[in-house]
Ligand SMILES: O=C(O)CCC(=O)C(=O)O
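Just one chain is shown here, as structure tokens, and it is the form predicted alone.
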């Protein structure tokens, strides 16, 4: 991250990478999403969640360590970060959700603090926008700076049916990525655009913790060595070794 990016991430709790995907990547992801959505029963309205995205094909697996976001994640979580879980959502109309999460420096998973000039985070999310998110249409929202709040927000703020002036929608063009600490108070505003909202959520944790509680099989697909490391179950740095030519394994010691 540049000094400016680091400063604003520390102040706001999120960082927007516009046009992180190239047109070919965006097209491939949307075509696969179309195919997956065709299997849904009934009309495609409201809001739906899809799990196990890395089983959808290589374009979705390539997001695991996408070069547009990985350097930012490494600065926030350290080089030993791991993919904790991933899912997708679509919204057609309505479907607002309350603001949730606010970490503390003492939370195992949802924490944020800076020490000795370095960011220390718990769970960090990357939201990939597969469709344009113009200003005022809804979708992802947050209270910038709330990752440092010392007080729980009142219900009048966390209920976003009638959002407080302090709740900010994050608009962005299709192909952008929003990176945010889960200590940030965030949620979803009602969607009111004529197009469908399509968002992919890839969530990363420090190497020694897990939030989702299930783990990936690094041998399930033809992953790169870097992807295998990111998919590993939680581990301590002293039990990790690289097996030459065989990806990564956990040491028995």
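Only a predicted model underlies this, so the values are computations on that prediction, with no experimental measurement involved. Residue numbers count along the first chain shown, from 1.
Beyond the structure shown, there is the form predicted together with the named molecule, which is absent from this document and is the topic of what follows.
Contact annotation: of the candidates 47, 226, 66, 27, the single residue with a non-hydrogen atom within 4.5 angstroms of the named molecule in the predicted bound form is 47. Of the candidate stretches 56-64, 213-221, 197-205, 31-39, only 197-205 contains residues with a heavy atom within 4.5 Å of the named molecule in the predicted bound form.
Proximity of residue 100 to the named molecule in the predicted bound form falls within the 4.5 Å heavy atom cutoff. Heavy atoms of residue 112 never reach within 4.5 Å of the named molecule in the predicted bound form, leaving it off the interface. For the stretch 57-74, the set of residues having any non-hydrogen atom within 4.5 angstroms of the named molecule in the predicted bound form is empty.
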